[in-house]
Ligand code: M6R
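Here we start with a single chain on its own, the form predicted alone, put down as structure tokens.
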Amino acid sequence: MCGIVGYIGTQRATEILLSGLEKLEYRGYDSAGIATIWEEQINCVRAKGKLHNLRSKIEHSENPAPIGIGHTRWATHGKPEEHNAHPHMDMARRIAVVQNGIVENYRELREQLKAQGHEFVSETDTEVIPHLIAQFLKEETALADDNSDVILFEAVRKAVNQLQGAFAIAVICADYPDELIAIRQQAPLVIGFGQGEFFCASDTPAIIAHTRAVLPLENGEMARLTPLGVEVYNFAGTRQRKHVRMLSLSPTMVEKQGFKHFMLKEIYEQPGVVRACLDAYFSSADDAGDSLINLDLPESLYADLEQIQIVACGTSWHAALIGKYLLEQLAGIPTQVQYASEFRYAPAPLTPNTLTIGVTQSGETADTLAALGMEKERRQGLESKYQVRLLGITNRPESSLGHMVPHIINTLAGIEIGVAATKTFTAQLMAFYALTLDLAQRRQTLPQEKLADIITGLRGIPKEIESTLETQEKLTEHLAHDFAETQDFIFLGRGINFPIALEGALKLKEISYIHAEGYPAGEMKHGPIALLDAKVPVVAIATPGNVYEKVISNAQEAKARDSRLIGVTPVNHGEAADVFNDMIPVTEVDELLSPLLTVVPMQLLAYNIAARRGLDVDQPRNLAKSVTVE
């Protein structure tokens, strides 16, 4: 979950590295550091805490070094202290390394290196890497002739082959100041191509200001960056043929554009995201033909389909729960939703004609990728009805997920910088609506008229989200004043909006550090009601439909226990005005579509409470945007 960036070229590396790290700080912000090579020495500067601490330490540096590597850390091994910050170096301070990931066998390697005389100064797993490279570099230097130009590369390659785990690594060495080595194994790493300069980074936002020509490394690949170009090899040392591709992103996509926080900007981008999904997933009235849906998924994915299983984590898991509701109620397909981290170690029994869907915003979530990989492996070689069918739902089709599964639904949300997912959640919901309606149309579980009505309703959602944003930002900001000191929250929902209650609670926990729980409203009387008193506010999602009266009744039970009751509900509907102490109004739409609206006040309420408490909304403590380690 850390961020790494590297540069070799003709410009001053320090500023390029710092600006790149600023774009990657969503991946971790416990500490940061950079290492550059100048006058045959490595200059390494590190700082505990967020990136501005590092910048303040080097803001007056005149170091003109044209090569360097940088790192922003989310701590795994070792506390977030300066001595555990990256880059890490060998004893001679000639080799510097940054890593995103985990070296699983680092204890064994550390003991071996200690026996050879190496001394360690941190508690991290990463520190074994420069020491291991130094050991192999001695051997390569002794064996090489004077004309060899791959000594460093070979030392790094041999060291990497000793590592077990998931990692992305960048290496520089003072004895080879015109060479930067980048390695990928189960953790994202992309190479960027500029004019006489080259980059590597954990994610494209770090380099988009300098180039749109990129090459994502595959697992088990190493790149050798020199002033002459980029060479890519596998871990066995065999040269690989690769093709550069052009990004469609622009630098302005990763700027705040006048908003106070990225999270607020991304909340406001949701109408545009929904419109992009509508344009991509659904046919217009003029070109509908025989199909209303444009997912371009093959019939073989759907043929004789008996069951769907979905693996996901966090917010994506909540989106999958809504997907389950839609797939079962509209397409008539039994659907399971599993935490990917649990599925890896306790998978469901193999069932025939089963579609497995992995949902991950980044396409790099370690548990989700591992769960899909395990499912693929355990179905290989079985009779045809048990063979694997894989589908990915992601915001990054160029990611590891995109390479792993044969079919992808691109959620089209654009880059999301805020750690707490907002627009990407809404985009995932749109993907599930499209998938469900595609299946319902092919299986003929819904009349064509009903399908068309749902799509028409979806087309009206962007305007309704805009209306919701106009009315609710000030309202939720006003409510936030009353809850800045609150310690516990309860969120209630039923049916298709129960996952929205879970998502509302997660958002509040993530960015305000207030304990919050989401429950099915009907389960309140089975235990959670014991938590309620005047100090525990309750947010209830009550949208007209099959369970509206039931939610109102459950809300009244909470109010009878003196809880302050906040209703996310249409105004002037039923008895809501008499039940709720406060109302956050949403437009009345078909109950099936209501999550696309009810999630917005959940996001705004969490945002405004966190902002009112003076917290770092975009970079909440202990969290990172993309969880690329187990």
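All figures in this text were calculated on a predicted structure; none of them were measured in a lab. Sequential numbering from 1, following the sequence displayed.
Omitted here: the form predicted in complex with this ligand. The next part is about that form.
Candidate site formed by 361, 506 and 510: every one of these residues places a non-hydrogen atom within 4.5 angstroms of this ligand in the predicted complex. In the predicted complex, this ligand lies farther than 4.5 Å from every heavy atom of residue 215. When contacts are judged by a 4.5 Å heavy atom cut-off, residue 163 does not count as touching this ligand in the predicted complex. Using a 4.5 Å cutoff between non-hydrogen atoms, residue 537 does not count as a contact of this ligand in the predicted complex. In the predicted complex, this ligand lies within 4.5 Å of some heavy atom of residue 419. Stretch 362-370 is the contacting one of 341-349, 402-410, 460-468, 362-370, since its residues have non-hydrogen atoms within 4.5 Å of this ligand in the predicted complex.
With the partner omitted here, the residue from 545, 314, 495, 205 that has a non-hydrogen atom within 4.5 angstroms of this ligand in the predicted complex is 314.
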